[in-house]
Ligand SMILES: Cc1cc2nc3c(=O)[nH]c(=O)nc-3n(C[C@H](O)[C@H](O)[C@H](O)COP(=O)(O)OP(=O)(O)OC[C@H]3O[C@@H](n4cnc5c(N)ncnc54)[C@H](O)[C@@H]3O)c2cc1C
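Starting off, we have a lone chain in the form predicted alone, written out as structure tokens.
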């Protein structure tokens, strides 16, 4: 989908300095959990600023969601957090090849903002009847109600602030799990090393790096 105005349905606080923004799905938009979109802010002087956000909703049939970290010194995050239902925001996409494709057993590793696509994939996989394990590293976790709901639905969920490789070792089963990794580049490197230590073919892992941590 080329740059298209979409309508904001809701903006919800989901953790420290983090909001989930829900948009109404425009006609022709199709995406899978793990893909991402480009959100564009257009300024009055004709300039614009765009940033990529990975989907944090398991489906996009009627609405789709992105999870946004709100840096008080930033421009796009605070602007998105201040949107009201009915506002229009320009969105382009989806992009990305590292998404859920119906795998029957998944291990999802998330660091920091990677929790958005992690919960989306886990929810979609649980709904499909897959075996789901999720390890999430963050000093200030977000989307905690959704993580708790996943656990109640039968997923194995570990939220840690350190010793992430131990969490991976607890949940990993290289014999049948498809591995997904989302987060900043340093986290993705460490998570891939942890997978390799557990016998995973890391070339087959679906890894989406968000670049260096700010």
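If you're wondering where the values come from, they're calculated on a predicted model, not measured in any experiment. Numbering follows the first chain given and starts at 1.
FYI, the form predicted in complex with this ligand isn't displayed, but the following is about it.
Stretch 202-210 is the answer when you ask which of 189-197, 6-14, 202-210, 20-28 has residues with heavy atoms within 4.5 Å of this ligand in the predicted bound form. The three residues 104, 118 and 180 each lack any heavy atom within 4.5 Å of this ligand in the predicted bound form. Interface residue remark: residue 141 is not counted as part of the site for this ligand in the predicted bound form, having no heavy atom within 4.5 Å. Among heavy atoms of residue 84, none comes within 4.5 Å of this ligand in the predicted bound form. Contact between residue 57 and this ligand in the predicted bound form is not found at the 4.5 Å heavy atom cutoff. Using a 4.5 angstroms threshold between heavy atoms, residue 52 counts as touching this ligand in the predicted bound form. Residues 67, 68, 69, 71, 73, 74, 75, 76, 77, 78 are the members of 59-87 with a non-hydrogen atom no more than 4.5 angstroms from this ligand in the predicted bound form.
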